[in-house]
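Next up is one chain by itself, shown in structure tokens, the form predicted alone.
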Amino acid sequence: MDLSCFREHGYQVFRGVFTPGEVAGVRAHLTGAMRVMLDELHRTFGTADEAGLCAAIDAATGARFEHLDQNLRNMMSGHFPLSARLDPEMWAVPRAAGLRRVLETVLGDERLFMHMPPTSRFVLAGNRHAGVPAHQDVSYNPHMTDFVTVWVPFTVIDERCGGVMVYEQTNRPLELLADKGRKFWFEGVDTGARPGVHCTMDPGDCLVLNRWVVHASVPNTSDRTRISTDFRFFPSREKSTKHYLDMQEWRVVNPSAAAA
């Protein structure tokens, strides 16, 4: 398996990792959960369509933002609830034989573990608050010693639908983040003159990133809703202080309980 892009730049797109059935099952699960969330958002803001909802979300990030319920703020930024992310349907991704082959090669280990829970998001066309500013995943995941992030789209990721922009020349321990105060996200890092690469992808593909490479969301200017999920995997030589999935025994481990 060619890992030249990952070795040099800290990221790589792997094509056709998941079968159509694996994609369809997770996509159906997340689409159903998203419809429930959209119904609640429409009721909350009194909107009838997604354009009106995006305008209402934009307005709510002003003076009223800090008074909004945390669950509502999560929905406004496209975060799926914990119940959806913990659903066994999501395990189709780590159970996929194609992804297992990629991870064993990238991580150099047959014993694999996954941080729990995974993260899943949807980005309505025009919702600028659902995009993640430029960041390094190490900033959001200090509980793990080393890991890779696997980003999996369930929508065609083209120039209009957006996706992930990766900034090359950042594949080293920088942690450029200066200010961790945020509303939806940490404040974005300064990417300077570093070249950005927009990773266009199809359902069934995945993007693997190391913990240091700087990346950001690309705005969704299409007429489609972008749905994706991302997972953090680590090999047996690394550690985590938070819950993780043992991908050998397929059980969730609580490190605090195990140490007691």
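Quantities reported herein were computed from a predicted structural model and do not represent experimental measurements. Residue numbers here begin at 1 and follow the sequence given.
What comes next is about the form predicted together with a small molecule, which is not displayed.
With a 4.5 Å cutoff on heavy atoms, N220 does not count as touching the small molecule in the model of the complex; it lies far away. A residue is said to contact a partner when one of its heavy atoms sits within 4.5 Å of a partner heavy atom; R73 fails this definition for the small molecule in the model of the complex, lying far away. At the 4.5 Å threshold, heavy atoms of H135 reach the small molecule in the model of the complex. Although the partner is absent here, L103 lies well away from the small molecule in the model of the complex, with no heavy atom inside 4.5 Å.
Contact with the small molecule in the model of the complex, judged as any non-hydrogen atom within 4.5 angstroms, is confined among 210-218, 194-202, 28-36, 44-52 to 210-218.
Out of the listed residues R121, R85, H129, H115, R121 is the one that sits within 4.5 Å of the small molecule in the model of the complex by at least one heavy atom. Among F154, W151, F80, Y167, the residue placing a heavy atom within 4.5 Å of the small molecule in the model of the complex is W151.
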